[in-house]
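Here we start with a single chain on its own, the form predicted alone, put down as structure tokens.
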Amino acid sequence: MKKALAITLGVVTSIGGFFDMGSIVLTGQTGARFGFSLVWVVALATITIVLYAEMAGRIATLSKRPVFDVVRERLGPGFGLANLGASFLINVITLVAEIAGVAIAFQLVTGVTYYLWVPLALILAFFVLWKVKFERMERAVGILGLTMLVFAVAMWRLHPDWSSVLHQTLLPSKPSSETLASYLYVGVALFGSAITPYELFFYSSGAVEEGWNKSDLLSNRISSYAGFIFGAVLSVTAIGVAALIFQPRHIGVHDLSTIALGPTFVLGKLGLAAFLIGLFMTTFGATLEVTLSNGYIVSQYFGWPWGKMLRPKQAARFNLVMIVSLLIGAFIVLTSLDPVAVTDIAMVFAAVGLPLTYFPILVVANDREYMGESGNGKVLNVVASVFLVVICIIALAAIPLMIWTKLGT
């Protein structure tokens, strides 16, 4: 049973990447503006995150140390510090969007402005991080996050012309009403939202938290493959619902309440209820992931005790970093910044920071000192290197496209 439930580490991580606040907004916008013509980006991101998550989990499983810790030792404190600074900043921006997402979920249920729900979101996150064991937290978020399958059900119930969907997916072309720059920008943001660096920090640290060993290498492979493919299915079906409902009616997606109309239109109150539960669980799960990720990377860089397997007193600085991260994120949410705009910016900067995380993983996965006979093979290295080039190109293009298109408008 424990081996079977190990998959939830991949599921909860994929929920944070493929279907957190940023991904929900972006998939809605993508489907409403571009139909199925950017599904190929989700496929590209899925292959990338599966390859590198499996490597990150394998590194953590065999070395008994998370990726960030090994990278600091292998590539030096200077590179590690640059990675730490960039990753912490990206995580904080992402955390702002996730906390806002949790608060907005309460707003959609009650009608009370989300600003008043931010303290409750903060208290809930703090309580879970402080009191709930890692495995219980992981299982709960992974299982309840399954409610987002409401998008898959809604898409199926819409009875799309599957030949047309397949044609748009395999032979993509931008709508005549959109510029090439906007098409590329949304593609870059969609890619960045799916493979944010904190996913790998959380995933590899989670493997250490759960005490994986060499016998768990198969569990790591299943968890990374099945978990992230599940996240990709959620993402594609959310794009599909928006493409089938909003695009033909020329409805723009600018907030979460509009996205909620998709499953509600098809499934009524049951669809709305499933969406609201899923919205809360995915954004709350991502809040926990990002907060833990900040605690992990700072503690691992400086060599402090870390992890939920330790009592708070045993890992005081680890818990302090998490508390500070939550407070900073909540403060920024309360400054009245547009959460959707913050989400867009977070996804772009996530794309910019990708090489700092993905390149070291490829290096360490080939280090026989850490990996022994379980290092990367030649074929995997070739494929991973190709995708690393793609990551670097996207990172270089992200900010110019953001400026040129004014956040895709």
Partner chain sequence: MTRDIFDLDLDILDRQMLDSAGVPCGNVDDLELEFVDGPNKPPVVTKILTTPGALGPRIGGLTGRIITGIWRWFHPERDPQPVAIDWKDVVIVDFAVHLSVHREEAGLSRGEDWVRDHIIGKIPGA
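Positions refer to the first chain, counted from 1. Here the structure is a predicted model, which means the values were calculated and not measured.
Keep in mind that the form predicted in complex with its partner chain is missing from the display, and what follows is about it.
Of the listed positions (248, 119, 175, 76), a single one reaches within 4.5 angstroms of its partner chain by any non-hydrogen atom in the predicted complex, namely 76. Shown without its partner, this chain lists 159, 214, 136, 313 as candidates; in the predicted complex, only 313 has a non-hydrogen atom within 4.5 angstroms of its partner chain.
Among heavy atoms of residue 182, none comes within 4.5 Å of its partner chain in the predicted complex. In the predicted complex, its partner chain stays beyond 4.5 Å of every heavy atom belonging to residue 152. With a 4.5 Å cutoff on heavy atoms, residue 132 does not count as touching its partner chain in the predicted complex; it lies far away. Of the heavy atoms in residue 301, some are within 4.5 Å of its partner chain in the predicted complex. Each of 69, 126 and 305 places at least one heavy atom within 4.5 Å of its partner chain in the predicted complex. The stretch that touches its partner chain in the predicted complex, counting heavy atoms within 4.5 Å, is 76 to 84, out of 281 to 289, 219 to 227, 76 to 84, 327 to 335. Contact residues in stretch 315 to 353 (any heavy atom within 4.5 Å of its partner chain, taken in the predicted complex) are 315, 316, 317, 319, 320, 323.
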